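Only one chain is given next, in structure tokens, and it is the form predicted on its own.
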Amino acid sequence: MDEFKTPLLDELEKGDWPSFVSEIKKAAKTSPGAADLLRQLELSYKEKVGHWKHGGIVGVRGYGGGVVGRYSDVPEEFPHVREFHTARVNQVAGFFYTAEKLRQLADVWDKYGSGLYNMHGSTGDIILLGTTTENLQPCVDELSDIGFDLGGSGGAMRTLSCCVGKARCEKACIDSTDIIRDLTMHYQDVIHRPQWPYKFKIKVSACPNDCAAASARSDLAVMGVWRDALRIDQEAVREYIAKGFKINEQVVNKCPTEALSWDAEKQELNVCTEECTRCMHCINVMPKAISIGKETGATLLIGGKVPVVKGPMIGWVLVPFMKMEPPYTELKDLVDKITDWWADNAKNRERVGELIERVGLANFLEVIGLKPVPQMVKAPRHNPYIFWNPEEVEKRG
């Protein structure tokens, strides 16, 4: 680090937040690749031009994806990043690792790569940043020996990801880690061998809190939910009240659909199940008194993505409720129908949500065999041409 200076990158180390620059500097003490990465990045900041070039196909035996080729366009100046390929390693469902297993992973990467990692980005993979073409195959072979596989890249099913689910969370409605494990094993071919117009992501959140951010980050989001009523322990509610909890201010008035009501005379909290949208707010603020229902399953959302061709999209409801029990045949059948239709009709780099918007939801539903239901409406109650007079609205008793 004494051989060169990085005044522009040094600015990114200032302030309260951790900096990736500091981490690359740590790796640069023992890794020539990390050192040249810093130097090239400093040059990019100075010239305001990225110095990674397009072109070049690189991979490993048996895989069409999982490796992202990267080459410097100034290799004479920075020879140790002449080739700086990325390997995407399929993470464990729920991100459960032992210290021993992570040390094994680190030993392999120190041997063959730059020592730089991106642990669980938007797709979820363990990203190994920076190795040479020569080192790729032996690196992947040794990763396989310690139990790791490559994830997805390119026009493939991307590495599936989930929250911790029932392994650690009492709010979980479905077994998210088991679903991800099962789907990952079932879809090995389309994960490892790109054959689609673009990427297709499946993420699973075990409850509507959506800790995997599935609704915004996946083409098909599987969201745990319950179909029956909230369970309310009235005695526990009274205990909250006795300790000064302001139930109207903190719960009832914040219910987005006014599904909750407080009977001050009976000292009871009531819920209208038909109005409840399972937003989780009441459960989150009164976990000892309110819990999920008993009839659990999942809501499926379609079309979530970040901005690439079009702007960002939040997934909208495709299936309001589906039971989630091994071997998840109903879910797999639906995934197959969706991806087959998308693969046959999408333009290059067109996500499934963008295709549905282009050809229409009705055409999509007809092909995959689902009937339209009110929950599929993307933005309910927003039509300016429909007006309701107060006397026409049936008041809830």
Partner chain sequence: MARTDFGPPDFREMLPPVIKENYGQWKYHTVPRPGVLKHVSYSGAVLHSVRVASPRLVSSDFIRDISDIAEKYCDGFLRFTTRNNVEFLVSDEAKLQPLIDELDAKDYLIGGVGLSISNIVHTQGWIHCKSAVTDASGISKNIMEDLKDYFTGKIKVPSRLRIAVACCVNMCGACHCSDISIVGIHRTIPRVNDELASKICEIPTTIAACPTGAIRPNPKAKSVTINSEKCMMCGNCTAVCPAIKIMDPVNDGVSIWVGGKLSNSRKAPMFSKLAIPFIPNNPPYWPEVTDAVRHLVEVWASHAREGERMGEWIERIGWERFFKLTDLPFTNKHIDDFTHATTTFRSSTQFKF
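Just so you know, these numbers come straight off a predicted model, no measurement behind them. Residue numbers count along the first chain shown, from 1.
The form predicted together with the partner chain is left out here; the points below concern that form.
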Check: For S122, is any heavy atom within 4.5 Å of the partner chain in the predicted bound form, or not?
Finding: yes
Next item on the list: Answer with yes or no whether L220 is in contact with the partner chain in the predicted bound form, where contact means some heavy atom within 4.5 Å.
Entry: no
Note to self: With a cut-off of 4.5 Å between heavy atoms, is R238 one of the residues that contacts the partner chain in the predicted bound form?
What the structure shows: no
Margin query: Is E47 part of the interface with the partner chain in the predicted bound form - any heavy atom within 4.5 Å?
Written below: yes
Note to self: On the criterion of a non-hydrogen atom at 4.5 angstroms or closer, are C173, L260 and K332 all touching the partner chain in the predicted bound form?
What the structure shows: no
Next item on the list: Find the only residue in N270, Q234, N135, N209 having a heavy atom within 4.5 Å of the partner chain in the predicted bound form.
Entry: N209
Item checked: in the predicted bound form, the residue from L230, V252, V74, V164 that sits within 4.5 Å of the partner chain by heavy atoms -> V164
Note to self: Residue by residue through 102 to 123, which ones have a non-hydrogen atom no more than 4.5 angstroms from the partner chain in the predicted bound form?
What the structure shows: L102, R103, A106, D107, D110, G115, L116, Y117, N118, M119, H120, G121, S122
